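For reference, the chain that follows is the form predicted alone, supplied as structure tokens.
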Amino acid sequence: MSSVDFFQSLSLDEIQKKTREYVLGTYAYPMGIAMSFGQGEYLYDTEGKQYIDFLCGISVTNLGHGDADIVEAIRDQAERLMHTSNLFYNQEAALLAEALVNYSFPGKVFFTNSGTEASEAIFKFARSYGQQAKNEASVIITHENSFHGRSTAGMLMTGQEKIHTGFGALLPESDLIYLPRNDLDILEKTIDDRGQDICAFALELVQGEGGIHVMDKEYVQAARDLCKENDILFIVDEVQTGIGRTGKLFAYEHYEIIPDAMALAKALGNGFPIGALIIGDEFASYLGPGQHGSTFGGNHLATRVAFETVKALVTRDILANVVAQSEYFLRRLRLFEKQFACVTEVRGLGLHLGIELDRPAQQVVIEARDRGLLVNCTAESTIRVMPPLNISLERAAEGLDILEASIAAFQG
């Protein structure tokens, strides 16, 4: 075995070479660069170039980079205790669970390490409920174009064929029904026909990976009522929308409903890996002792960081800033619809925004990167815009100027 220098400052070429040689090739790295430092709304690559971050690690670093309170929480907790396991009570996990419940709905919390694991917990919870409380009902409804993670159950709940392809039979696909979003007639007919077999309805209130499509309020409220009437769990996947991204701490608040369960991850730790499933008190017994677990889930360090993240959102004026900046972003982006023939629609809620083009959008992403702005594209033709929630008006304007110039150059 050859010796290894355990910490090195590498050039971009060296990083790319070592990545090709040693890292499993599951990612294409479409940005083509590597980051070395971040502060506030800015990221800096290994060559020292500065970028305004309108991506936030795909809706993860909602407080930007290097937030002083988050950095101090990590330092303090890492010095004291990072991990003991779920064989022991855990002060940090208990305090975070209390905060999440107090700011959402009465229930119990299961902690995971990621959004995919939160989706896996949704699946097991829903199936356990169906087995115990609804005559072994096993069918779960989700939406076409949805995304619920990349575990086997998460893939199955995802309503995109490209995510299913290449793995053979997953689980019984007859146990999943994929419905078009916002089509209440089809939802009603499905429940009329199969209601006795359906244990849960899981939905994203804003489809993120699917192109930033917002669910209609009337549809969501009617769906909530239908589920209650038919003993179907109503579960919201807020992995991408949770923790302030839409201008409320949780997106379901916009819809004036209370779900039976809610999945969180991404921004919950502002970059530190953590996820959660909150289950309403009425249903919390359906995942009991020994039925689910996670070695790292809810460890001391992760839950301390997440607690400080939630604290920042509810004690600073960040949510008010999201509302104000959202109005500004939408006003600017909707001018793009008038300026550029290639822009067909602007969609979103809060600072969870998408610009639909009439063609693949990756070239705009690269143009923006070269000009010093980070965005990405999803569903091939949607530019996804997700700046930090505490972004300043000055930085917002600067970033949108770059995006405007990038689309102009793309359109020619």
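The first residue of the shown sequence is 1; numbering continues from there. Values in this document were obtained by computation on a predicted structure and should not be read as measured data.
Separately, the form predicted together with a small molecule exists; it is not shown, and the next lines address it.
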Original post:
Even though the small molecule is not shown here, does it sit in the model of the complex so that S114, E209 and K266 each have a heavy atom within 4.5 Å?
Top reply: yes
**OP:** Counting non-hydrogen atoms within 4.5 angstroms of the small molecule in the model of the complex, say which of E92, D260, E204, E308 makes the cut.
**Re:** E204
Original post:
Which pick from L277, A251, V239, A126 sits with a heavy atom within 4.5 Å of the small molecule in the model of the complex?
Top reply: V239
**OP:** Would you please decide whether T303 lies within 4.5 angstroms of the small molecule in the model of the complex, comparing each non-hydrogen atom pair?
**Re:** no
Original post:
Is F147 one of the residues lying within 4.5 Å of the small molecule in the model of the complex, judged by heavy atom distances?
Top reply: yes
Subject >> Close approach of N270 to the small molecule in the model of the complex, 4.5 Å, heavy atom >> reply: no
Original post:
Would S119 show up as a contact with the small molecule in the model of the complex if we use heavy atoms at 4.5 Å?
Top reply: yes
Original post:
With the partner removed from view, which of 231 to 239, 317 to 325, 281 to 289, 218 to 226 is the stretch that lies within 4.5 Å of the small molecule in the model of the complex, judged by heavy atom distances?
Top reply: 231 to 239
